[in-house]
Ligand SMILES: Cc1cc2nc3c(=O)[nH]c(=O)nc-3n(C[C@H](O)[C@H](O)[C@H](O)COP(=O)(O)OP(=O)(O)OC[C@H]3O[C@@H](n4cnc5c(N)ncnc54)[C@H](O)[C@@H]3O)c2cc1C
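Quick setup: one chain, the form predicted on its own, written in structure tokens, and binding and motion questions come after.
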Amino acid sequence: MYYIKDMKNVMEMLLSDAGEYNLILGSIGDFVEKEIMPSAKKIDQEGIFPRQNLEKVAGQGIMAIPFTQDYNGLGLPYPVYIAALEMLAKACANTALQVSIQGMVCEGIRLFGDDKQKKEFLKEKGLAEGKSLAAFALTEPCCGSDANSIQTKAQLSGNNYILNGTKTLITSPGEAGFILLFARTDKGVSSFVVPRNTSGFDVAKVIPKLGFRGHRLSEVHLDNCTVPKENLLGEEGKGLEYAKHILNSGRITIAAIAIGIAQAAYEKAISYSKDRSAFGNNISEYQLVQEKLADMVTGINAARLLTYYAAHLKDKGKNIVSEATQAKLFSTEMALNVCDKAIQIHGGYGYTDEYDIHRHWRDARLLTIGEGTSDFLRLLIAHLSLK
């Protein structure tokens, strides 16, 4: 069962009319277990972009959950979306990561795009539903967390912006139809929606990496990349402000992915500990194993409460900067710890490919870095607390 009791209890705590949503989430849980989970190991081992999974996910309306019907969305509460994303990550983290990125880009267009852009990209191009895929390009070789130092230039020339520069560590830009990209204009950092097939947009190389092997971490070269003036998102010079708002939503979805990964590793550890015998007993009967399992499930449930609470506040239109940041920090570090314990419980088998347990640790390792490192997030939380 993917829609577990602990998730259901939190939803009933947050939503007064949770009955209908429980039925929806139960159906999504059955779907991801049957249709998405079976391919997860192969996607990781063979480095396959999960396009078929994403088509299935889009067909089920999962990407459309948080967006209004104006954009062919479903208009359901944000915690429902987060619960669906957690289950998706438990089934296949590679698939869930693209859904998270998709949601971030769509949220940016929803918040800061004009009516024409919202209609064109969210509805007509199908970004809100997942019919077209999206990527997010902020990081450059010179800077990650220090986004104000980006060097990619965007020069206005007539009715177009001419972009020149390099983006790096970008997740699957070659698979996306549209890239939300940040570049520096005369007024400061600005944001643009760039179609992948734009002349001068080149995915120059793929960077080998530890986890999330279903995605190609890429370097993008922009060589006189010509983007129509109307593809400027919002106002010139406000790109960093927009990025901060976009990342707040992204941090909640990354937290949900971390919880899903941890839940998968925990359940494998539970099952293995009941089956594995040592010194005449199942290892689940030994107190040191029980200690690990207790810490694992406690961490998962604590992270879930933090994350769904942040999702609930977002749904109510509250300021979520601190809560989203706390959820991302706690959940991602929890997932790394849970996955490490799961490997330890599996012993030598945990280090092998056969038992498919180290995949979860490798995927979790990214989450403490991407969309705000744990170090940076601690500084941000402290800064907000001291204001």
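So that there is no doubt, residue numbering starts at 1 and follows the sequence shown. Just so you know, these numbers come straight off a predicted model, no measurement behind them.
A second form of this protein, the form predicted together with this ligand, is not displayed here; the remarks below concern that form.
- Checked against this ligand in the predicted bound form, the candidates Leu169, Leu305, Val297, Leu111 yield a single residue with a heavy atom inside 4.5 Å, and that residue is Leu169.
- Of the residues Ser145, Thr198, Thr185, Asn72, just one reaches this ligand in the predicted bound form with a heavy atom at 4.5 Å or closer; this is Ser145.
- Taken together, the three residues Ile36, Glu46 and Ile261 all stay farther than 4.5 Å from this ligand in the predicted bound form, as judged by their closest heavy atom.
- In the predicted bound form, this ligand stays beyond 4.5 Å of every heavy atom belonging to Cys225.
- When this ligand is considered in the predicted bound form, Ala18 lies well away from it, no heavy atom lying within 4.5 Å.
- This ligand in the predicted bound form comes within 4.5 Å of a heavy atom belonging to Leu366.
- Proximity of Lys209 to this ligand in the predicted bound form falls within the 4.5 Å heavy atom cutoff.
- Residues of just one listed stretch (310 to 318, 269 to 277, 130 to 138, 152 to 160) have heavy atoms within 4.5 Å of this ligand in the predicted bound form: 130 to 138.
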